[in-house]
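Presented below, as structure tokens, is a lone chain in the form predicted on its own.
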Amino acid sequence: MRRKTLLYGLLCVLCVPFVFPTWWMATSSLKPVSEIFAFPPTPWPGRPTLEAYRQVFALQPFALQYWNSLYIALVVTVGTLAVSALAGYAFARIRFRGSNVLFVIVLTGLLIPSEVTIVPLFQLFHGWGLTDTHWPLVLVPVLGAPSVLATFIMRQFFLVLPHELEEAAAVDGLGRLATFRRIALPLARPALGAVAIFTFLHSWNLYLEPIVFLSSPEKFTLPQALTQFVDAYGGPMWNVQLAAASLTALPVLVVFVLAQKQFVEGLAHTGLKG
């Protein structure tokens, strides 16, 4: 009992550096600016106020920007799941000449920084007339590096599935696509959960692409919108920025808390077999 108590106490101490910044962000959003930088810092506002949250929606079309980030993240997540599940299953189960070489070529997409490709991508989408739209924010992640990592995770998961399941499906008369849809895909829920979480988080926190492709405030996503809360002199409005950041962090916390089990289980299967 004493050993368990010491272990829990140690874990509580170790989690302080991770929990305290979030706690400070949330509580400081309820303080006036003068109290935010008071010394010594207070763990809870003396006079909590929601004025900063009111200003968040008054100074910008924050609700619309929130919706932009939400629907883009959901579309990107669904698109990435579809592409990575099909590609991962194909690399794991369909053997053809040069499949391993092709897979290595696909993985090289992870080695190319997004900063290297952003200018060619901008020229491409500008030529198509898709700048200042949300199309680049959907197509680039679904067909880019996040989808490559997702494909790797799905391939590793499908590699460890017993071949007997597919052989039994073939005996029952199922084709390749039906076997994937009715047997392999339902068994891949842990891997799909892991892919869905990190894809949603990546899209939700995407910053470089929005500032390059978007110029209209009503089309901004949240990371870009957070930089716009400044006063007349260009200085940061700290309480307003912290309020907006607290609202921005909510979906991330909810998604991870609800799906953390699937996330851990999914990643546990990514390195079992090469």
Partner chain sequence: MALSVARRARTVSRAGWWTGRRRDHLLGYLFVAPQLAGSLLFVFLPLALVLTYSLNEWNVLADTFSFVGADNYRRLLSDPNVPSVLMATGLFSAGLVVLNLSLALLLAVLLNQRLRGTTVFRTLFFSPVVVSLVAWTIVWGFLLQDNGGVNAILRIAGVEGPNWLRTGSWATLSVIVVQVFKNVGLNMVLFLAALQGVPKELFEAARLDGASAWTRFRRITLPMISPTVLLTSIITVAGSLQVFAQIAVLTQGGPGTSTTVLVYYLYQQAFQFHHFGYGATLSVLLFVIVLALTLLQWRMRRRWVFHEA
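The shown structure was predicted, so the numbers you read here are calculated from the model rather than taken from an experiment. We call the rigid core whatever largest set of C-alpha positions still superposes within 1.5 Å between the two forms. Residue numbers count along the first chain shown, from 1.
Keep in mind that the form predicted in complex with its partner chain is missing from the display, and what follows is about it.
- Mapping the unseen interface onto this chain, Ala249 counts among the residues with a heavy atom inside 4.5 Å of its partner chain in the predicted complex.
- Its partner chain in the predicted complex is not approached by Leu70, whose heavy atoms all lie more than 4.5 angstroms from it.
- Within 4.5 Å of some heavy atom of its partner chain in the predicted complex lies at least one heavy atom of Trp238.
- Contact check for Val78: no non-hydrogen atom falls within 4.5 Å of its partner chain in the predicted complex.
- Along 150-188, a non-hydrogen atom within 4.5 Å of its partner chain in the predicted complex is carried by Thr151, Phe152, Ile153, Arg155, Gln156, Phe157, Leu159, Val160, Gly175, Arg176, Leu177, Phe180, in order along the sequence.
- Taking the rigid core as fixed, one finds a CA shift for Leu250 smaller than 2 Å between this form and the one not shown.
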